[in-house]
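Next up: just one chain, as C-alpha cells, the form predicted on its own.
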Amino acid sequence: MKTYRQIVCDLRQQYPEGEAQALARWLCEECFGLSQTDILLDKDNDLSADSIAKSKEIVQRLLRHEPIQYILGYTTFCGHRFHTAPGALIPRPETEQLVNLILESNKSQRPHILDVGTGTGCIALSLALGLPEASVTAWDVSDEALVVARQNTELFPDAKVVFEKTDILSPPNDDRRWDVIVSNPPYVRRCESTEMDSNVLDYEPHLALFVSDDDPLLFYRAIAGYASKHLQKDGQLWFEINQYLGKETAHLIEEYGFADVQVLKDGFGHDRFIKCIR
C-alpha cells in the first residue's frame, strides 16, 4: 500500500477521515518533501526504509494524540514558522487575529509594547516583525516557555524582543511605561476541561491553560491593575479572553478605569478579544 494511504488508514483508528487525510498530507510534505501532486503521482512508493520507519513512529505518536506541532517541532503563526515544544502553549489561529488587530491599530507608530505571558514568543515576535520601530518586551513566569521563546528569537534576528522572567501576579515595582500591553493569559476554567481534546489536556502545559473555577479572571485582574498604573495615557490594553466570560471580563476591566472597552469576536463568531484605552 502507498505510504500516504497507509498513514491515512492507520490514523482512521483515532481521527475522522478529513483530519486523518490532513495529518497524512502534512506528514508527507514536512517529513518527506512530498507535495500533494507527488502523492497523486505515487512518488510516496519510493520512500526509503528509514523514511517508512520514521512515518510509522510518527503515526504511533499521533495515535497517542500527541500534537503534530510538537512532533514536527514547529508551527506556522502569522506567516512565520515558530519552534514549538511541550513547555509552551501551541499558538492558535485566533491569536493571529489578535496580533493583526494590534498591528492595524499601531501602523506607522513606534510603540513600547509589553506582552504578558509570552509562551513561544509568537505574539511579541510577530508584533516586532510587523512594527520594526517598536520596542517590545515579553514576560513569562515559566522557565520552559522562555527557553522556547528565546530559541524563536534566533529564527528572527530582525525582531528585537527582550524576554524577562516575570510573574504578573507579583509584577515589578518600577517606573516603566508602555503604549501597548497585550496578553493571552490562562483563561480556561477547570470545569471546561471536559470539552477539551486529549491532545491538549495530555500534552500542553496546564500552567498556560487553566485557572480555578472560583477565580477565572485572576490574571485579567492582575494585568488590568498593572496596566492602570503603567500604561501611557491613551495607551491600549488588549486581551484574548474566554468566550464564555466576555461580559464579566469587560466589566472587570471597566472597574479599573479603562475607557472604550470593546469585546470583539473571532472568526467563529465567539467573544474572543478585548480592546480598551487608558
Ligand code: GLN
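Residue numbers run from 1 along the displayed sequence. None of these values were measured; they are calculated from a predicted model.
Beyond what is shown, the protein has a form predicted in complex with glutamine (GLN); the following relates to that form.
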Problem - 4.5 Å heavy atom contact, residue 187 to glutamine (GLN) in the predicted bound form - result: yes
Practice task
State yes or no: in the predicted bound form, is some non-hydrogen atom of residue 200 no more than 4.5 angstroms from a non-hydrogen atom of glutamine (GLN)?
Solution key: yes
Problem - residue 94, heavy atom within 4.5 angstroms of glutamine (GLN) in the predicted bound form - result: yes
Exercise for the section: State yes or no: in the predicted bound form, is some non-hydrogen atom of residue 148 no more than 4.5 angstroms from a non-hydrogen atom of glutamine (GLN)? Expected result: no
Completion exercise
Testing 80-88, 96-104, 200-208, 169-177 against glutamine (GLN) in the predicted bound form with a 4.5 Å heavy atom criterion leaves exactly one stretch, namely 200-208
Practice task
Select from 212-246 the residues with a non-hydrogen atom within 4.5 Å of glutamine (GLN) in the predicted bound form and write them out in sequence order.
Solution key: 240
